[in-house]
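Taking the form predicted on its own, here's one chain by itself in structure tokens.
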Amino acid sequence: MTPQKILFDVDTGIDDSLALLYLLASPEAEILAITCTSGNVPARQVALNNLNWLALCGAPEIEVALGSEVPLLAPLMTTEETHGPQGIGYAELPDSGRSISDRHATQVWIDAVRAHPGEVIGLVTGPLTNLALAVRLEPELPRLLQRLVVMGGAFDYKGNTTPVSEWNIAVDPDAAKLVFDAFSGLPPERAPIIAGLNITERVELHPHHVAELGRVAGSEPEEVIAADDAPGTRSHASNPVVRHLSDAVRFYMEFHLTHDQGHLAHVHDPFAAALAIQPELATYRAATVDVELGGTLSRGQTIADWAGLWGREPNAAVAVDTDPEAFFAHFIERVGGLARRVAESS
């Protein structure tokens, strides 16, 4: 098997962390570089989180590049109340000793697609700021990529930041519109895959999934995250990957519980990462996707013209259906196996 080249753009973030672990665990994926933008937390903290996860997992020296620290036009929003003060919940990762790249994320995007035309999948699980800046400098970038996969938006579905907007798009709607416009006109098989809240909020990580991941990893004692645990309870898992993953996810579950969504976590980003290398995990519907920029109440809303009323060709493959338990079986096997290998090598 020839691994698929992945350029991973993130605002890490608890669910971005899970997406990174999934990619590191997947033989189909070769991460060329990780580019960082502000979103869940400021971009520099994002970069440190990625470096620390890579070191914890014994990953090779993958380049981690700092990108835009602010959106194109909008004032920066971050969401530490959702992801914790450092973006990784209660997890306290050891310092990696690794360094942030000297290159800017925008240059990493451009250099990667020029060096490997038609071979790179761009995976964005944060705001689209870095990609928008790269497209401005290299308008051919959409045609040099093999495909783009985005976690973002909400289609015929409620928002999670405003009543109609999803977080990644709401942070930088101007960048999102620039990207969706730039990626118009591609053949249908190369149209960007968009995983929005309409599908990712069906991908619910529950405590029993974390327990099963611990069992696959051979971690002891059994990993238990209970709704009536005291807030801030920490894992005692023998496996370091399981322990830190559990501490991150616990914070995320507490957030969902206190916001009347249940004792669970919507893991948007690892699902999008899975679609980058296993697109068959979802079914898709072609649509022309655009972003509202001017609405007083609707700025940041992603709109899908399913019926072609705008008279414009579809520019996206919107994920509309999946089997969440099939995804979790796949995810747990991969990440549990990675955690087991890390423990065995230490």
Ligand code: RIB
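Heads up: residue numbers just count along the shown sequence, starting at 1. On a predicted model such as this, the values are computed, not experimentally measured, just so you know.
Keep in mind that the form predicted in complex with the ligand is not shown, yet the notes after this line are about it.
Asks: How about residue 172 - does it come within 4.5 Å of the ligand in the model of the complex, if we only consider non-hydrogen atoms?
Replies: Answer no; every heavy atom of residue 172 is more than 4.5 Å from the ligand in the model of the complex.
Asks: Is there a heavy atom of residue 168 no more than 4.5 Å from a heavy atom of the ligand in the model of the complex?
Replies: Residue 168 belongs to the contact set for the ligand.
Asks: Could you confirm whether residue 160 comes within 4.5 Å of the ligand in the model of the complex, counting heavy atoms only?
Replies: Yes, residue 160 sits close enough to the ligand in the model of the complex that at least one of its heavy atoms falls within 4.5 Å.
Asks: So in the model of the complex, does residue 83 come within 4.5 Å of the ligand, heavy atom to heavy atom?
Replies: Close contact exists here: in the model of the complex, residue 83 approaches the ligand to within 4.5 Å, heavy atoms only.
Asks: I need the one stretch from 233-241, 130-138, 211-219, 264-272 whose residues put non-hydrogen atoms within 4.5 angstroms of the ligand in the model of the complex.
Replies: Correct option: 264-272.
Asks: So, a 4.5 angstroms cut-off on heavy atom distances: do all three of 154, 290 and 302 pass it with respect to the ligand in the model of the complex?
Replies: No: no residue has a heavy atom within 4.5 Å of the partner.
Asks: Which one of 205, 197, 108, 149 is close to the ligand in the model of the complex, taking close to mean a heavy atom within 4.5 Å?
Replies: Checked against the cut-off, the match is 197.
Asks: Taking the ligand in the model of the complex, which residues along 5-37 bring a heavy atom to within 4.5 Å of it?
Replies: The stretch touches the partner through 11, 15, 16.
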